[in-house]
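Next up is one chain by itself, shown in structure tokens, the form predicted alone.
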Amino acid sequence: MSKEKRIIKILRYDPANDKKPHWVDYTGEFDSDSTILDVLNDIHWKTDGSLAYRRSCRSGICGSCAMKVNGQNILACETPIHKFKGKIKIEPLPGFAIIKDLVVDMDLFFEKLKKVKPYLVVDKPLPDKEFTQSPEEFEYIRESVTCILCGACTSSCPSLWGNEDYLGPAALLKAYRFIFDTRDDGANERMDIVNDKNGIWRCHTIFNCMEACPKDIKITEYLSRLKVKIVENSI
């Protein structure tokens, strides 16, 4: 396995000591198939133990290692360094307040998620076993279920940059996931929640969310379906 020397630029910020974020350069030799997370671990373990970043599963499932690398929102655990040429610039996700270095404050992100009631609402009698759903019914929500709530899509959305009250694509996708779930009874309530100037109508179909999504979910398409559903429901 070949090694390559790379310059890693990381945007550092410690609110206890820094007035504003600043770039710090690190140089090292890394395996060509190393991931961004491997690089961060190497720097943290061998060079600078003060570097702060989030990581957990290393399997592209938990979403905790989402960050911006060379202008793209990615998952550090599954993105190899050979994808990038020259210097590698690593920043925290934009659109969120920085807690320290690459760690951002996700509290507001999850508060918005809670607003859309991201769980099954059941008013009908519970079945003896599980709720059944046909393959055709599940197909409506199949892809949206794979969202890992990493925040990459919401962070990439210009509509959110200009309005922090906007629910954002992740919360709206979660609303779609349950509104179109045939087992759920809370669709009307959720549609009332997202049918707002800071809800679904703040989405201007820019497609940044689709480009940023590490799971390749067609977010914009599903939000467009949600718009149609809300209009039909109001007629």
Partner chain sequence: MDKNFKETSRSGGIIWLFQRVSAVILFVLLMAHYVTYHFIGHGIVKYVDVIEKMKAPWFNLVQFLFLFTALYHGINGIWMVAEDYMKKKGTRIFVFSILVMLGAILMFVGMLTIFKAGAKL
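Everything quoted here is computed from the prediction, not taken from an experiment. Numbering follows the first chain given and starts at 1.
If you look for the form predicted together with its partner chain, you will not find it shown, but the lines that follow are about it.
- In plain terms, the part of the chain that comes close to its partner chain in the predicted complex, with a heavy atom within 4.5 Å, is 188-196 out of 188-196, 63-71, 35-43, 50-58.
- Looking at Arg202, you'd find a heavy atom of it within 4.5 angstroms of its partner chain in the predicted complex.
- The shortest heavy atom separation between Asn163 and its partner chain in the predicted complex is within 4.5 Å.
- Contact annotation for Leu167: at least one heavy atom lies within 4.5 Å of its partner chain in the predicted complex.
- Mapping the unseen interface onto this chain, Lys115 counts among the residues with a heavy atom inside 4.5 Å of its partner chain in the predicted complex.
- Here the marked residues Ile98, Ile148 and Thr220 all miss its partner chain in the predicted complex; none has a heavy atom within 4.5 angstroms.
- Of the residues given (Val121, Ile88, Val103, Leu108), Leu108 alone sits with a heavy atom within 4.5 Å of its partner chain in the predicted complex.
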